[in-house]
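Form predicted alone, single chain, as structure tokens, below.
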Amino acid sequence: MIVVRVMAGGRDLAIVPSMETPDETTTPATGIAAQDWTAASADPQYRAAVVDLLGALAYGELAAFERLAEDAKLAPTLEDKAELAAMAAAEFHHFERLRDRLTEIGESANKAMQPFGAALDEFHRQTAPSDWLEGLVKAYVGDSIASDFYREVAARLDTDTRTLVLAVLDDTGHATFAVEKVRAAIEAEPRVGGRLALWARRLMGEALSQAQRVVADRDALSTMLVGGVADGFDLAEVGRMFSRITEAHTKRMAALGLAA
């Protein structure tokens, strides 16, 4: 069982993922989620939270571009190298959209990204792949965990910001490419599966810790996550959120042919 701790309002909140089945019912948007940016940003605390969120996402996309370009060097074939290069280019395009949006709303993209550099750089330092297959698993599993977290938060955002966030979280081709390559490698050499399963579990823990740090270090974001701004999560919903993220991770592991 994974326990996630979130700082909110000066309190250290331990959140144990709920074992309940996620509610698939779609309910009409209300509150901030039903407003556009112009209306929602009139609340200065909400505006600050969104600037933080876009800054964190922008730095994450820039780091993903750098990492994928670097991982392309490990590719065993020119075709594989080209595939990763294309993914890297897509990540950079996502970064450009976030940077341009921050500029559009009168914010400095560099200033918005700066608070998140240390945590994200440390995550990538701790999870540097040792070979091609570990890089693929990280691109598929690690990035997807972060994307799941941001999608959960996006449900609470104004319509304009939500549309942008969901667009930049679109799969850049990681999923199909990674699944095909990893499954083929395991089929060719079954013992590889055990090593990659351990690696994926480590990525899960590190990714959730990263999400915790990103939120805990910024008051506006933590307040938005645990109530207080927009239509924030209550503690029970935070637990269910992390349960959904964990469940999605288990499904991805199965798609790779790995044990969660």
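The first residue of the shown sequence is 1; numbering continues from there. Treat the numbers as computed from the prediction; the structure is a model and nothing was measured.
One more form of this protein, predicted together with a further copy of the same chain, exists but is not displayed; see below.
J.: With heavy atoms only and a cut-off of 4.5 Å, decide whether A82 touches a further copy of the same chain in the predicted complex.
T.: Within the cut-off, so yes.
J.: Answer with yes or no whether A88 is in contact with a further copy of the same chain in the predicted complex, where contact means some heavy atom within 4.5 Å.
T.: Flag for A88 set to yes.
J.: Would you please decide whether Q114 lies within 4.5 angstroms of a further copy of the same chain in the predicted complex, comparing each non-hydrogen atom pair?
T.: Q114: yes, in contact with a further copy of the same chain in the predicted complex.
J.: Indicate whether A72 is a 4.5 Å heavy atom neighbour of a further copy of the same chain in the predicted complex.
T.: Heavy-atom contact with a further copy of the same chain at 4.5 Å: present for A72.
J.: Residues in which of 56-64, 37-45, 188-196, 201-209 have heavy atoms within 4.5 Å of a further copy of the same chain in the predicted complex?
T.: So the stretch in question is 56-64.
J.: Taking 4.5 Å between heavy atoms as the contact cutoff, choose which of K181, H124, R156, R99 touches a further copy of the same chain in the predicted complex.
T.: Flagged contact: R99.
J.: By the heavy atom within 4.5 Å rule, which residue out of W132, Y150, F177, F95 makes contact with a further copy of the same chain in the predicted complex?
T.: It is F95.
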